[in-house]
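Starting off, we have a lone chain in the form predicted alone, written out as structure tokens.
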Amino acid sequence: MHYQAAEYSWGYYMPAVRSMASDPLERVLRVASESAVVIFSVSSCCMCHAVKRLFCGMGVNPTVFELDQDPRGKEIERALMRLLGNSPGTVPVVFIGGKLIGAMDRVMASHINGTLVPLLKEAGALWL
């Protein structure tokens, strides 16, 4: 199912499914490994919106997991905090090719220094 927000399509929205892994960290890693680009987001977060726009503007169709639309979203957010070293303001969190890239600051740094596009190509998210 396509996830639609206003007029923009961010890619695929990951709906809550009860049969998913019981451990939140295991669930994060499994979801992150299933698509070329996965963004863990909160639908009302302006930085999440910005990172989704960045990827869509580059022609990437990310899988978006909206934490505020999942009953276990807070648990998953805590698991993401552990992965990021307990840094506050965890969202958005981006995985490319199953590898943790990080929050917005790391994504933007990769974009600015020119390493983001090669990562996206290697993961199969960009073809050009």
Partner chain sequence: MASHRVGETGLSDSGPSNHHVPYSLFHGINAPSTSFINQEGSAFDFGELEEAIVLQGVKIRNDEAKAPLFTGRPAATLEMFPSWPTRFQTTPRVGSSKSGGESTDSGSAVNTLSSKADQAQLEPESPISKKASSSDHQAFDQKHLKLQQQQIHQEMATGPSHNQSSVKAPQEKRKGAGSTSEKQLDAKTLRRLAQNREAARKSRLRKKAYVQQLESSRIKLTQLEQDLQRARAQGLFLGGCVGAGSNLSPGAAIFDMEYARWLEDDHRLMSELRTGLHAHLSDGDLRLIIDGYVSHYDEIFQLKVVAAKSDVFHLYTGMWITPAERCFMWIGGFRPSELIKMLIGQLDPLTEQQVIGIYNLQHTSTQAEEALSQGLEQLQQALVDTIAGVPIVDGMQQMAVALSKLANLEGFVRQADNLRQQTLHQLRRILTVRQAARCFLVIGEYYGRLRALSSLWASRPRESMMSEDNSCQTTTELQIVQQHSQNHFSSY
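Residue numbers count along the first chain shown, from 1. Note that the structure is a prediction, hence the values are computed from the model and not measured.
Omitted from view is the form predicted in complex with the partner chain, to which the following refers.
- Item | Stretch from 31 to 39, 76 to 84, 50 to 58, 93 to 101 whose residues place a heavy atom within 4.5 Å of the partner chain in the predicted bound form | Stretch with heavy atoms near the partner: 50 to 58.
- Ala109 within 4.5 Å of the partner chain in the predicted bound form, heavy atoms: Ala109: yes, in contact with the partner chain in the predicted bound form.
- Message: Is Asp23 near the partner chain? Define near as a heavy atom within 4.5 Å, in the predicted bound form.
- Response: No - in the predicted bound form, heavy atoms of Asp23 and the partner chain never come within 4.5 Å of each other.
- Query: Using 4.5 Å between non-hydrogen atoms, is Cys45 touching the partner chain in the predicted bound form?
  - Reply: Output for Cys45 is yes: heavy atoms within 4.5 Å of the partner chain.
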